[in-house]
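Before any questions on how it binds or moves, here is one chain, the form predicted on its own, in structure tokens.
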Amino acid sequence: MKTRMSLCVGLAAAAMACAFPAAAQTVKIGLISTYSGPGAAQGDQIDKGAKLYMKLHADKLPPGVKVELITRDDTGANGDVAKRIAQELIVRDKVQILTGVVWTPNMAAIAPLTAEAKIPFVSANASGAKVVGMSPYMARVSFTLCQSAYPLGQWAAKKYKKAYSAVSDFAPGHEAEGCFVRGFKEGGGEVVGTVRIPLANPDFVPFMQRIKDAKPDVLFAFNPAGKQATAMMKAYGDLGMDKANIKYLGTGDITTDEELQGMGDAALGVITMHHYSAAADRPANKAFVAAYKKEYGADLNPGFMVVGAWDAMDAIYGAIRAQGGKIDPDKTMEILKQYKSTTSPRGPMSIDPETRDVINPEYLREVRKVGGKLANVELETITTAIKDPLKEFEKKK
């Protein structure tokens, strides 16, 4: 009797299982970005890139697997806030992967948490060279400043004799300055001055006047992408530095695609080195820009932070597929180390398995008018794949 009852219970359970499909496997991803304060525009770019990727690639997940994106606001370059919300995402929300982060100090603040909790983190933007090495559970698909600043210095030395460097006073700015100066000096150029500009609420005019008085051939600049870059560009134009034959050049942060139209004609002729331009003719980029405009507005262009978030989600989705939705942190990191993309809007890119840092193409660009609007026109591919030069310099010591 007991045997028959057990068999009946078993058959009933099996029937119930057939009648009600198994619940979907949910992968929780925590997105830390800047949704308020002066850096909200940058954070919005990351948010848009991640969500657009998810909308267009929902069918790329394994059967029965779905992704839940949980967003949190770090309010700006504030490591204490970033650390607190990362801890909440890990402990309370039980996320299995983290991504996002505009600011290098914020990425540095959450690094110990990712190591302690074994939570993989994929940087969509923060560019400080050394921060990825602060945790074995961090990888980056965005860029480092040295990847563009060093080859730009080498290129500039072939055309100009004297340079002045002006950068924002925090780690990425210091790295950009050091790498440009190194490349420029190696090419035989002379650096006649350097200045580091406060990150908070700077008045650019006194700094730019000092640079104008030094009469360099070229000004190298780095600002965090956004309103600061526009303010510095306008100071350059208002002081007539272009008419004084001081060429303005820098990393791609100073003429971001989403900010470019607000800079006005002062930006015309500015030369930058960067891994992405919304104006690029690559088929993958054309499709990406069209999808972005369809989703968010025909007058909006995606900047490099959109691309960083897009590629971060592509890397994460690849790790999810490879594990059938069952996320193991160590396996995830091994998969991320092997990440490669031939369909990124920026062109072919990958993650260096040794450093877990991005390997990028770099393009020489000039601001020109295309169809009556300002655009970063790619003039030349400087390199199809550059590792972070700072790490390469360290190897040679």
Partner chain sequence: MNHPVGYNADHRLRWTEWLPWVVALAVFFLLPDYLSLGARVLTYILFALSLDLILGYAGIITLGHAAFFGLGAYVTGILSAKLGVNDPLLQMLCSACAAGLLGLATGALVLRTHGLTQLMLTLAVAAVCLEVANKATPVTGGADGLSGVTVAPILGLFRFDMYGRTAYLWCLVLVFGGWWLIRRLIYSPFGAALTGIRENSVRMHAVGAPVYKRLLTVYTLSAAIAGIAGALLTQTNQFVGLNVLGFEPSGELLVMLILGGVGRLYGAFVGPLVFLIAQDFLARQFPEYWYFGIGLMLVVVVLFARGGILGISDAVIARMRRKA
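Remember, predicted model here, so these are calculated numbers, not experimental data. Positions refer to the first chain, counted from 1.
Missing here is the form predicted in complex with the partner chain; even so, the following discussion is about that form.
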Segment that reaches the partner chain in the model of the complex - one of 305 to 313, 87 to 95, 233 to 241, 155 to 163, heavy atoms within 4.5 Å: 87 to 95
Ok, 226, 105, 325, 183: which has a heavy atom sitting within 4.5 Å of the partner chain in the model of the complex? 105
The unique member of 169, 190, 265, 295 whose heavy atoms fall within 4.5 Å of the partner chain in the model of the complex: 169
Taking heavy atoms only, is residue 80 within 4.5 angstroms of the partner chain in the model of the complex? yes
Given that the partner is absent here, does residue 35 sit within 4.5 Å of the partner chain in the model of the complex, heavy atoms only? yes
So in the model of the complex, does any heavy atom of residue 73 sit within 4.5 Å of the partner chain? yes
Contact test in the model of the complex: residue 205 vs the partner chain, heavy atoms, 4.5 Å: no
Taking the partner chain as it sits in the model of the complex, which residues of 103 to 117 have a non-hydrogen atom within 4.5 Å of it? Please list them. 104, 105, 108, 109, 113, 116, 117
